[in-house]
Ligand code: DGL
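The chain below stands alone, shown as structure tokens; this is the form predicted alone.
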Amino acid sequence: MSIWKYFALRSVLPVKSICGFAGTVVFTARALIGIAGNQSANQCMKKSEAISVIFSNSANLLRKSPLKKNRGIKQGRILKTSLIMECKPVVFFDSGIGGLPYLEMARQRVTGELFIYLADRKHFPYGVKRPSEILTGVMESLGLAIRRFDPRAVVVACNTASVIALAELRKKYDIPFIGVVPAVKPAARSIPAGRLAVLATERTLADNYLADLIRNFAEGCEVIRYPLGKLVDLVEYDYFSTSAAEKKAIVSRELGNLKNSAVSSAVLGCTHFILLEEELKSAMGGGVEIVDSREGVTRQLIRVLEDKGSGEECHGRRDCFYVTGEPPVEERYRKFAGKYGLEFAGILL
């Protein structure tokens, strides 16, 4: 006997309850399928799989709750059976694509987790904006991802966003947040009395947080703050359309006199610069150590996930790449997703 025929014969549930049940199923299916941009379904999860879970779980709920008079089906209980609640991913967030190398290292070291990457295309670039603008953009875009995915942990894989918004994020959400800051401490340890360069955006270089890092951990070093904001645009907009020779020439030109300043170590204070690591090494010379914070961030993520338990309920899902903003989405984002082995899932709505 079908479930609808059973309802008709028994006349247990009022029309309002039945409509509420159906409405909940539709809402949950949409959440699971994950409408993103102009795509009909989220590439991270197969449509048939999502729907089968909805109805199998709903059927289990009916079996556990015998139909009696005045006992309806609570919408909240049905929502709790969805994969959105069961499968909590790890979210990586950046103003653009700079956080992808951080995600790459995490995926190499961590198994059994679902990873979601979000590039805040809507508010890019952060490095030239006022702190209040950056904070508003981060809270809006990352807040959308948190509400959508209910993550186990969030890596703010952007130096500027970490410095400006991390404290506010931790205050608002009961989720572990892992930030990215310039790796001044490990760089200074390797050259306790040498010359150290911090390569970053104007916003990061001007922030008091960097000044505190230098004062606390690099007191014996001579520190050069060097802005390279143009390299952020090169990576974000022209990475695939610029040849290797052109990239090398642009990086060399932007470094200017820093190439001959006897720097012993260079800290990459912007995640975008990691995609130009080889060009930076070539331009600055083989004797200069290039330092970033991927290793420290990955170790901290592992510690957080060990405390949170296993993510095995996400087994079999595809790691996904989302962007914010309005359509159409530029083809380069699909290329970045492919370069890092991610499923491009479109615009996060």
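Keep in mind that this is a model prediction, so the values were computed, not measured. One-based numbering along the sequence shown.
We do not show the form predicted in complex with the ligand, though everything after this point is about it.
Can residue 92 be called a contact residue for the ligand in the predicted bound form at 4.5 Å between heavy atoms? Output for residue 92 is no: heavy atoms all beyond 4.5 Å of the ligand.
Answer with yes or no whether residue 204 is in contact with the ligand in the predicted bound form, where contact means some heavy atom within 4.5 Å. Yes, residue 204 is a contact residue.
Residue 176: touches the ligand in the predicted bound form, heavy atom cutoff 4.5 angstroms: Close contact is absent here: in the predicted bound form, residue 176 is far from the ligand, nothing within 4.5 Å, heavy atoms only.
Since only the chain is shown here, I'm wondering whether residue 265 would be in contact with the ligand in the predicted bound form (any heavy atom pair within 4.5 Å). Taking the distances in the predicted bound form, the answer for residue 265 is no, it never comes within 4.5 Å of the ligand.
If we take heavy atoms and a 4.5 Å cut-off, which stretch out of 269-277, 185-193, 256-264, 210-218 is in contact with the ligand in the predicted bound form? Careful reading of the contacts points to 269-277.
Single option in 154, 138, 232, 118 placed near the ligand in the predicted bound form, where near means a heavy atom within 4.5 Å: It is 232 that has a heavy atom within 4.5 Å of the partner.
At a 4.5 angstroms cut-off on non-hydrogen atoms, which residues of 325-345 are near the ligand in the predicted bound form? List them in order. Heavy-atom contacts within 4.5 Å come from no residue here.
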